[in-house]
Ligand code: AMP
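Take a look at this single chain in structure tokens; it is the form predicted on its own.
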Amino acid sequence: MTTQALSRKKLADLNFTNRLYMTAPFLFAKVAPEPLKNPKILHVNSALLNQLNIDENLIGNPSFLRFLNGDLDFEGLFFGASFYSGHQFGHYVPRLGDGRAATVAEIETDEHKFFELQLKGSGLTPFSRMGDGKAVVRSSIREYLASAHLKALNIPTTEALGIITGDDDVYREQIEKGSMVMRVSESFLRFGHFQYYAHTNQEQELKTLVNFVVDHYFIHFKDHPNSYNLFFQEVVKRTAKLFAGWQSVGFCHGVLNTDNMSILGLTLDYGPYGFIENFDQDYICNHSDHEGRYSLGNQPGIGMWNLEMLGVALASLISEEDRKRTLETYPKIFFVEYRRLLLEKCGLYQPVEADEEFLRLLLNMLVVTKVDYTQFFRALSHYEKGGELKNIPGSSELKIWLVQYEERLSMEETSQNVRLEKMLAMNPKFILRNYVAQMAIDNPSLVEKMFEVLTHPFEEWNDHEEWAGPAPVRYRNLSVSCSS
């Protein structure tokens, strides 16, 4: 069963589906969404709207607002929260599940691509535990901006179609206003889904779930006699490349529990994330992470550990020897991709044997000089041989490294003009610094312009220069937790 394209149609005329529910109904518990009171649209992602073939003229239609609010009952819409478990900060929790999210439906575009729609903050589910199932404006804005921003940085991610606010009071550390985000992804399946059915010895359900993923997302392995091994290899490869992408832009996820790991290698669940300012492997973005388990420098190793836990869940389908052999490919895939990204950030495209040492010296220089990571690479994107790095404080360590950089550039065949053009398209001027997100939270009228800037982070945006630098004094030492 597929849907018709959404473009140029009223919502009431649309056909929706959910292939996952039809294949694996055991995965979901039906839930009733709790719409926000007096909802208002804060922002809609027009580019994603077009990708989904939804007519932009629907934005002003009251039914579209009700759609984003979970307040419609069209045939085919499905509100379901899914079962999963996971390792949280290294400790296995046997039952977690969607505590504040509900899958709405799946749609098919004109290009025959399928996307799941999910509401975040839609109310109580069987998995809310002591929570209320709600989301607040603060966390919703952070997720909405970050998911669009990472896509613009060419990092695989779930997305968000729209964000709405309401008059509901939501109790966290203080009283905040309720909000809701409609998330969009090819799939929201997590490592934890597979762990749940493995740890509860539901082997047939586990096999059904794995077969569904192979048949719909890894279709080139379908009917292959070694499909389960190939599936696991692909998950390992995608995860390794995702983590390399995060490291290259200085993105710290903050809560890399196995239930926050996407089976498709997407950035999933934007809680207490953060982008580094100065380069610091010990950077911890989540003030609840007291031991630094999910620090920036620990991320790559945690990725492999989480994959190992997924492998354990797949033990009934993949032999221990094959799982071990596949996991051993992770470090090499990660380091090859991370090295490639760092070299390209430096405008270097013909690898040489000495690159490992060159990059080690680069990262050491960044640690010692404490220059802003993003600003450094942006300045390097304007660097001409024999010149200086504009707006980057000079130091003896930086001067020494620039001499080495000049030597390395001499080994390249790429012309200076081509190099600078490619570097400017690789090194963003703007990243979603915590204080930038906080400014939008403090003043939601900024969301529209910030969304535009952050989805075009490689452009100059001279009128918004103040968003490109480190935090102003009044926004320093911001603390972010898991609270949403």
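Only a predicted model underlies this, so the values are computations on that prediction, with no experimental measurement involved. Counting begins at 1, following the sequence as shown.
There is also a form predicted in complex with the named molecule; it is not shown, and the following applies to it.
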If we take heavy atoms and a 4.5 Å cut-off, which stretch out of 380 to 388, 99 to 107, 155 to 163, 298 to 306 is in contact with the named molecule in the model of the complex? 99 to 107
Just one of S185, N211, N260, Q233 has a heavy atom within 4.5 Å of the named molecule in the model of the complex. Which one? N260
R360, R325, K222, R172 - the one with a heavy atom within 4.5 Å of the named molecule in the model of the complex: R172
Taking any heavy atom pair closer than or equal to 4.5 Å as contact, tell me whether Q88 reaches the named molecule in the model of the complex. yes
Contact test in the model of the complex: G292 vs the named molecule, heavy atoms, 4.5 Å: no
I'd like to check something about E116: if you look in the model of the complex, is any of its heavy atoms closer than or equal to 4.5 Å to a heavy atom of the named molecule? no
Give a yes or no for K134: in the model of the complex, does one of its heavy atoms lie within 4.5 Å of a heavy atom belonging to the named molecule? yes
